[in-house]
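In the form predicted alone, a lone chain appears below as structure tokens.
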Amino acid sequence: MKAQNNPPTSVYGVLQQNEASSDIDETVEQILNIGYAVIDAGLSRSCLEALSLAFQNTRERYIQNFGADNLKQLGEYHTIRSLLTLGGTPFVNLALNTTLIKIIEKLIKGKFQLNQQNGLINPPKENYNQGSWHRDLPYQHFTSSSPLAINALFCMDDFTFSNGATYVLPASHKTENLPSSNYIQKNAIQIEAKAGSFIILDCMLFHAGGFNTTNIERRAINHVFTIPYFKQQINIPSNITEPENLTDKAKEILGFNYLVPNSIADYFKSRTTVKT
């Protein structure tokens, strides 16, 4: 229940307190403490419209290439894997969003890379594979003193209570096991967010897509950033178009510096260019 009045500002008996001097610092503090936050990606309406069109065009090609029946059989019909390697520049730019990267840099200590970028569709009045409680490091039951992986879910459409906005279990990134069913029912929070927002989660936070009760699908683009010791879901560097147009920093974030060496000589070469 939300407080009726503003919380107290005075303190006593406190020797240490965090400082947050910017919106980014406040976002980072919230993610570290309760596991999630929502930010505006800063995209114009025209950029959002262009991204929406690119999403739809890429989705149509994806279904044509892999077959609707095949995707449904695999449970993959409502997912578009590795968007940036299929749809190109709009999705590369989204993954490299300046505000998002500044937040990731403060959350993950040292080097990190984009592990995956997938399009997600929450279909109307239908169950789908993201509608179950999970972590974005699935099957893992551990905690860490600082984040190893961060999820940035970009809202292509408004996330509302009725169209299946994401549920989270606050602070569950700090406990090893999924809480009990009764605990989940009492403590789960559903996050509403406007199109053009990022919902940023610690990947160990338990979350789930809600059931879409409307007649219109809800679309999102999920990003997972990890320390380089986690392998990418799909090899991004070998599938991305026009890598020569990327900056050195972009290449690092997209994983070009963290490919598995093919030989001892290649390993030695990698040691002269990057420290992990």
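These figures come from a predicted structure and were not determined experimentally. Residue positions are given as counts along the sequence shown, with the first one as 1.
Missing here is the form predicted in complex with a small molecule; even so, the following discussion is about that form.
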> With the partner left out here, if you bring back the small molecule in the predicted bound form, are Glu26, Gly35 and Leu107 all within 4.5 Å of it by some heavy atom?
Replying inline: no
> Of these, Ala95, Leu120, Met204, Leu86, which has a heavy atom no more than 4.5 Å from the small molecule in the predicted bound form?
Replying inline: Leu120
>> Please identify the residue among Ser82, Thr166, Asn115, Ser197 with any heavy atom within 4.5 Å of the small molecule in the predicted bound form.
In response: Thr166
> Taking 4.5 angstroms as the cut-off for heavy atoms, does Asp157 touch the small molecule in the predicted bound form?
Replying inline: no
> According to a 4.5 angstroms non-hydrogen atom cut-off, is Asn222 in contact with the small molecule in the predicted bound form?
Replying inline: yes
>> Although the partner isn't part of this model, could you tell me whether Lys102 comes within 4.5 Å of the small molecule in the predicted bound form, counting any heavy atom of the residue?
In response: no
> Contact between Asn151 and the small molecule in the predicted bound form at 4.5 Å, heavy atoms?
Replying inline: yes
> Just one of 179-187, 158-166, 86-94, 142-150 has heavy atoms within 4.5 Å of the small molecule in the predicted bound form; which?
Replying inline: 158-166
